[in-house]
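Presented as structure tokens, the chain that follows is alone, the form predicted alone.
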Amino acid sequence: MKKKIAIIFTGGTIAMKIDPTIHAAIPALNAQEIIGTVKNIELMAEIEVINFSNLPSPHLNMDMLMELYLIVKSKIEDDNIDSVIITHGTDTLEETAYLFDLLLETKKPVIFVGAMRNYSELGYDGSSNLSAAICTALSPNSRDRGVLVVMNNEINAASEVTKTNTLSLDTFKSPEFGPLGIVDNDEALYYRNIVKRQHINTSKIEKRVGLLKCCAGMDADILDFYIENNYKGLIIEAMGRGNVPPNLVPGIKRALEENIVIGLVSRCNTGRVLYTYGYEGGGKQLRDLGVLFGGNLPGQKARIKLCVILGFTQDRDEIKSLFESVV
């Protein structure tokens, strides 16, 4: 019996082509047209199509992502469904994939896929990427590996992968650890596994979490915006090992006094933050003030993690433990 895959279509470049009037890519393809680019798909699996949206990924807000999550969860819980694939725009794909990786607890393969070239371009990669995602979904070796991202015949973990280039077909990489595996000759081949994954059992998230990137000579006035607008959390992309300009420190103190949870990560592409430096604005001072340290997560993923945690608990010790967990 053929396996059954639910493919949920959300939009993105994989569903776009050039509008001749404005000479730019816009959403245009429907689900059947995208599936039609994959040859002999009916011989490989039974496909259930779910049309969620046809939007560029920057248009998907947090409410929509939670709506999408509930659909994915319902399909995962359906005994007739063996795996789920979500087509998604690449701009925010890593954030949605990581959100679902934190929320879902399943052994069934859940796979995100997109495209870097639209349907009107030479070398449209939507069909090859979707084909590779289907092969990955069908593989018994894809079970119990968490949420996966399949692009350019590479299989990456949602918790590790990031978009590294605005144009390249191999833009999705896991800079710290490399891919979990590849798709070759229609077969998913795995080289390594993630031993532990983090799961947070909640169906609620806190949307009012900001993201702030540090730069030379930065002042603290921007932090007043987050305080005055009742933000519950803030991720700071610090410099290097986890340090900020000294003028930012008074604003961090004010935000913490207003019970805003502040998480710290680095603006560097790789490496984790640590309380190494003791000067004004250094990681040791921030740690002593009560700032949480987010390991090697990039800012956009640390924000997703804090959104989930604050939706789950308001206990400060539990927030710290969950945010600083490296599993």
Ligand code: ASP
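For clarity, every value in this text was computed on a predicted model and none was experimentally measured. For every residue, the number given is its place in the sequence shown, counted from 1.
The protein also exists as the form predicted together with aspartic acid (ASP); that form is not presented, and the subsequent description refers to it.
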item	value
Listed residue that, although aspartic acid (ASP) is not shown, lies within 4.5 Å of it in the predicted bound form (heavy atoms), from S142, N129, T90, N243	T90
The single option of S53, Q285, T37, S57 touching aspartic acid (ASP) in the predicted bound form, heavy atom within 4.5 Å	S57
Options 227-235, 76-84, 195-203, 90-98; stretch whose heavy atom lies within 4.5 Å of aspartic acid (ASP) in the predicted bound form	90-98
Contact label in the predicted bound form: I111 to aspartic acid (ASP), heavy atom within 4.5 Å	no
M16 within 4.5 Å of aspartic acid (ASP) in the predicted bound form, heavy atoms	yes
4.5 angstroms heavy atom contact with aspartic acid (ASP) in the predicted bound form for V183	no
Heavy atom of A115 within 4.5 Å of aspartic acid (ASP) in the predicted bound form	yes
Within 209-235, the residues that have a heavy atom no more than 4.5 Å from aspartic acid (ASP) in the predicted bound form	none
